[in-house]
Every structure is written in C-alpha cells, then in structure tokens.
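Only one chain is given next, in structure tokens, and it is the form predicted on its own.
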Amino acid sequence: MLKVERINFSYKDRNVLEEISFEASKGDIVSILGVNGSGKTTLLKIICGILKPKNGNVYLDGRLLTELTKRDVAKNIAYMQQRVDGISSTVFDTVLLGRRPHINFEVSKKDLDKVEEILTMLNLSEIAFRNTHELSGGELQKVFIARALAQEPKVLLLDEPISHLDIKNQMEMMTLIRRITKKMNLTTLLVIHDISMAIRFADKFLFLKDGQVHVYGNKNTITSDVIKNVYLIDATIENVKGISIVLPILKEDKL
C-alpha cells in the first residue's frame, strides 16, 4: 500500500537520506529507529509531502504522491509532528480541525459525527469541551492523534509520540496506537527511540544509519549486532515473561 522508492534528500550540501526504499502494508506498524540526526523525521516529512526529495518516489496504493493534490494527500496521509504546541481551543474544535481536507464550504453533519465517533473511540468524550491548555501531556497527545484520525487517513505518521510521557502514559499511548492501527486497518509509521517499546508494539522495524537503510524487517531483524552497528553500543536482548527487552551494556557492567 505504501511504497518508498530510492529516496534521496539533502539539506544544502549535506546528504541526509540516501537510496531509502521500503514497503509497508495495511495494518502494519513500522518503527523507524536510529540515532539523532539519522534522518527519521525528514523521512516522515517526505512521505507526507512536506519536503520534496532530491530524487526518488513515494507511492500510495500504486499512485505517485506527486500526482495527488495537496488536499488528496491530506485525506490519505496524516502527520503528527514531534512537538505540538497546544492551541487555545476546546478538544472538540481541535479534533474538528482534522476535517479540513473534507470540508468544502461549511462544516457538515458528517464532519461533526466523525469527530464524535473518534472522541468516543479514544475515550475523549468526557473532556470534549475542555480547553486543550487544561490537559495533561497524555491527554493532549491523544487529542492530536484524534485530530490526525479525523482526516480519515490510510497512512498515519507519528514523530516520537511517547517522548514526553511517563511510563504509564507511554504504555497507554502505544497500546492505543496499535489498537487503532489494527481496527482502522491503517499503515502506521512512527519514530521512536525506545527499542524495547518498539519490539513490544510494532510489526516491522526500519533502522537508519548515516542516512541509509541499515536493516528493514520483522522482529527477527533486531539483533545485538544490529543495535551495536546502529547505536555504537553493546546490548543484549533478553526475554522477560515472553516480552523482549533490550539491555544496553556499558563497559562498567563488564567489570
């Protein structure tokens, strides 16, 4: 459904992405992993059309992204950036903003019904008319995901959706992302730094190193050698009650 083919991108004279190619299907959660500056956020911005690659193509259901209008792209691909400043608005109105690609002259009953449906799905109905400035970090992240879902996308792009949350809210957010991806049959790509969290909730894993695809595949892709090559740190992968956990090993640990 989503195909990225030989994408290259540069900021001035600095190559950021080189020959990036991969495919993802409906229902897939793809974790994009790598050190800071490896091009993860840039890749998301290219996929949703914010940035234009030097060369290469992105296909959605076999159609070139460049053949679609900006409005059609917004109907099919939703992007939640890494840091979103809360606007002074109610939760309902914030989510309604996600309907903009579908609104012609005025908000329709269908738009309002869709917002109510998504608020119910994400258990946000009780705070629908609270101001976003009054929300906790976890609640606010849910609202922005709800706004993205209001676009009725086929592809959901999330840039570090759990980076500013405590462990409880991280688990709730990742559980929510997996649930809505499967229920709505989305293709979800998310940038994440916690490899253990990625292993627990994602289906496929794209490791970027020096702007290139180092490895792409399922959970069997993740090995101690891959982690060392990408992050330049020794690590072991342990199984705890059926859950894979990545444990970094420092020199002091070997003493």
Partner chain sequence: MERLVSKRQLELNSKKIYLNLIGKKLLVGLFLAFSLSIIFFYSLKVGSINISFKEILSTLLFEEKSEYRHVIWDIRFTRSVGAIIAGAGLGVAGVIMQNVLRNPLASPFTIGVSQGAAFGAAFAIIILGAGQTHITGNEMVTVNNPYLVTISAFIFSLLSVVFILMLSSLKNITKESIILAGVALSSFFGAGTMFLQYFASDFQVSATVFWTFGDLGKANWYYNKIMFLAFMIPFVYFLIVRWDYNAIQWGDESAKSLGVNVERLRVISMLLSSLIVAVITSFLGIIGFIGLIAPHIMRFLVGNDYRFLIPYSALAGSFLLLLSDIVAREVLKPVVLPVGIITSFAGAFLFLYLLIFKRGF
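If you're wondering where the values come from, they're calculated on a predicted model, not measured in any experiment. Positions refer to the first chain, counted from 1.
Another form, the form predicted in complex with the partner chain, is not on view; read the next lines as being about it.
S.K.: Ok, 155, 96, 158, 173: which has a heavy atom sitting within 4.5 Å of the partner chain in the model of the complex?
M.R.: The residue from 155, 96, 158, 173 that makes the contact is 96.
S.K.: Can you check whether residue 113 is within 4.5 Å of the partner chain in the model of the complex, heavy atom basis?
M.R.: Residue 113: yes, in contact with the partner chain in the model of the complex.
S.K.: Answer with yes or no whether residue 169 is in contact with the partner chain in the model of the complex, where contact means some heavy atom within 4.5 Å.
M.R.: No, no contact at 4.5 Å.
S.K.: Can you tell me whether residue 228 touches the partner chain? I mean in the model of the complex, with a 4.5 angstroms heavy atom cut-off.
M.R.: Contact with the partner chain, no.
S.K.: Just checking whether residue 26 would be counted as a contact of the partner chain in the model of the complex - the rule being heavy atoms within 4.5 angstroms.
M.R.: Residue-level check for residue 26: no, no contact with the partner chain.
S.K.: Want to guess which of 209-217, 53-61, 66-74, 190-198 is within 4.5 Å of the partner chain in the model of the complex, heavy atoms only?
M.R.: Selected range: 66-74.
S.K.: Going by heavy atoms, what in 89-119 lies within 4.5 angstroms of the partner chain in the model of the complex?
M.R.: Result: 89, 92, 93, 94, 96, 97, 98, 100, 101, 103, 105, 106, 107, 109, 112, 113, 116.
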